[in-house]
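Presented as structure tokens, the chain that follows is alone, the form predicted alone.
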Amino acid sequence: MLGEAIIKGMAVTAKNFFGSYVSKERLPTVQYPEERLVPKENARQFPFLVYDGDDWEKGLRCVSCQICEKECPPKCIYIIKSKDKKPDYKGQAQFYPARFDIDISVCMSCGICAEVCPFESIKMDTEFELSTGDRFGGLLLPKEKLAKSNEHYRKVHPTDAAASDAVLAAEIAKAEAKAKAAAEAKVKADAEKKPA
């Protein structure tokens, strides 16, 4: 029959239209910004830097390896490596970013930086309201504004954060076991050197 597909399509449209008056679940629109949908866990907007503990400068996981800067397709990440080293979460001396900036106006939210980070330090946030009236530099975020706690990461991505925390806990346990074995070997070597 001629026009059968058009009639079927109009029937689906009419069903959804009249159904939206009867059932709130069928209503596709929310009155933003008064009403807000809860973001899905897999949502990703812009990157942020994860830190452990209370102090973002001491707990920043980034060791300035610059892999994210090299892999970023629009080249919106700018890192300057420090000249000195500080201890990381495992107690090893590591470089840290003297400067870490992300130009959010250029970032395309691809998430490649979070995927390639071997230190679980850069992750994707769900925050999307970042507009500003400053045309010059308002969206070039320094590490002070990019740093967010591990608790924030657990809140926005609980599944991924649990897996990330498990990896870091295993690395810390491995480093502690290695340090303990080295200390025991040193004590044993010192005991053998002492004359009886």
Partner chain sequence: MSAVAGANPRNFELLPKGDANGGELLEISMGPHHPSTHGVFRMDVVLDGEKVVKLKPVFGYLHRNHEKIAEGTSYLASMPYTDRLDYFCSMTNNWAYALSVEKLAGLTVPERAEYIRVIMAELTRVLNHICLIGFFVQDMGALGTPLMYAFRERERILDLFEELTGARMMCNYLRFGGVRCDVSESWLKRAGEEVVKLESFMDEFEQLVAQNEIVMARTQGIGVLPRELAINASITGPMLRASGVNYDVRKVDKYGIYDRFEFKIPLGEHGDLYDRYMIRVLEMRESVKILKQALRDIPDGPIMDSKAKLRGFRPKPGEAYGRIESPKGELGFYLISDGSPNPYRYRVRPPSFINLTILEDMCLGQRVADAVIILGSVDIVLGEVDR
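Residue numbers count along the first chain shown, from 1. These numbers were taken from a predicted model, which means no experiment stands behind them.
Quick note: we don't show the form predicted together with the partner chain, though the next part is all about it.
Checking 61, 44, 152, 143 against the partner chain in the model of the complex, a heavy atom within 4.5 Å turns up for just one residue: 44. Contact with the partner chain, judged by heavy atoms within 4.5 Å in the model of the complex, is confined among 48-56, 26-34, 144-152, 167-175 to 26-34.
Looking at residue 191, you'd find every heavy atom of it more than 4.5 angstroms from the partner chain in the model of the complex. Although the partner is absent here, residue 108 lies within 4.5 Å of the partner chain in the model of the complex, judged by heavy atoms. Taking the partner from the other structure, the partner chain in the model of the complex has no heavy atom within 4.5 Å of any heavy atom of residue 85. Proximity of residue 12 to the partner chain in the model of the complex falls within the 4.5 Å heavy atom cutoff. Along 101-120, these residues reach a heavy atom to within 4.5 Å of the partner chain in the model of the complex: 108, 110, 112, 115, 116, 117, 118.
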